[in-house]
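Single chain ahead, written as C-alpha cells, the form predicted alone.
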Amino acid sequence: MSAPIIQLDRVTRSVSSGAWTLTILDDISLAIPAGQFVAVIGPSGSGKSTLLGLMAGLDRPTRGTVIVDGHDLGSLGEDEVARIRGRTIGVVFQSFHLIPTLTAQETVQVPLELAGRTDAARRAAQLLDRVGLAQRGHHHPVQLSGGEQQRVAIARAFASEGSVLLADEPTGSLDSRSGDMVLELLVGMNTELHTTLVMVTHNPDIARRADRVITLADGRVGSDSLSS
C-alpha cells in the first residue's frame, strides 16, 4: 500500500494568552491516500478550518507532525513551505481571496509565472475556459458575481497542477445555483486531474458526495467513515 499523500500524527494546535490556553485541535491523527475526496464536517468552532490551514502549511502545529506529499511542513522554513504550496497544494477559500487590482486572467496567470511556466498566459486562459469564464478574463473581481469570483479562485487553485486541493467552505457564501456549479467544477476537475480533495463543509449534500467523511467535535475526530 502506498504512503498517504496527507498524514497527521498526533497533531495539537493551541493558542495561549498569558495563563489562558485554548486548544483548537487535540491529538489528531489522520492518513489520507492519494485521490480521495474527503469531507470534513462538524459544528462551528470544532477546528475544521484550523485543520485545513495546517494541511496547507498556512499554520503550524503546537505538537505533532503534518506531512504532505512526503514533506514535514512543520520542520521547514516559511520560504520552503511556500514553494511546496506553490507546486503541490491548491487552496480555495470561502471568501475568494482575489486581489482587486488583478483581472481574472492575471489572477490565474501569476502563480503560473511564479512557477516558471513559459506558457502561463495560454494555460491561464485554458483554465478560465474550463471554469466557464473564457470571456471574462479581462474583468476585475468587482465586475464578477460571487459565483464567478469563486470559479476564478478554483482556476487559480488548479493552476499549480498539484496533487492536493484544499477547499474551506467553497460554496458557503454563494446562492444554491452558484454553489451547485462550484461544487460540480471542484469535483469534476478533481476527478480529471486525479488530485486529493479535502473539503470543509456544513452542507450534508456535499458530504454525501465524498468518498470519506470526517467529523470533528471539540477539536477531536468524532467519527471517520468511508461512504457506502
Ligand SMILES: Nc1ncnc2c1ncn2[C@@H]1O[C@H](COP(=O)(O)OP(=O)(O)O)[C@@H](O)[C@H]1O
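Source: prediction; values computed, not measured. The first residue of the sequence shown is number 1, and the count goes up from there.
Omitted from view is the form predicted in complex with the named molecule, to which the following refers.
Between the options Pro43, Gly70, Gly35, Gly188, the residue in contact with the named molecule in the predicted bound form by a heavy atom within 4.5 angstroms is Pro43. The contact residue chosen from Thr65, Ser163, Ser49, Thr62 relative to the named molecule in the predicted bound form is Ser49, the criterion being a non-hydrogen atom within 4.5 angstroms. Only one listed stretch (172 to 180, 190 to 198, 26 to 34, 49 to 57) carries heavy atoms within 4.5 Å of the named molecule in the predicted bound form, and that stretch is 49 to 57. Using a 4.5 Å cut-off on any heavy atom, none of the residues of 106 to 133 reaches the named molecule in the predicted bound form.
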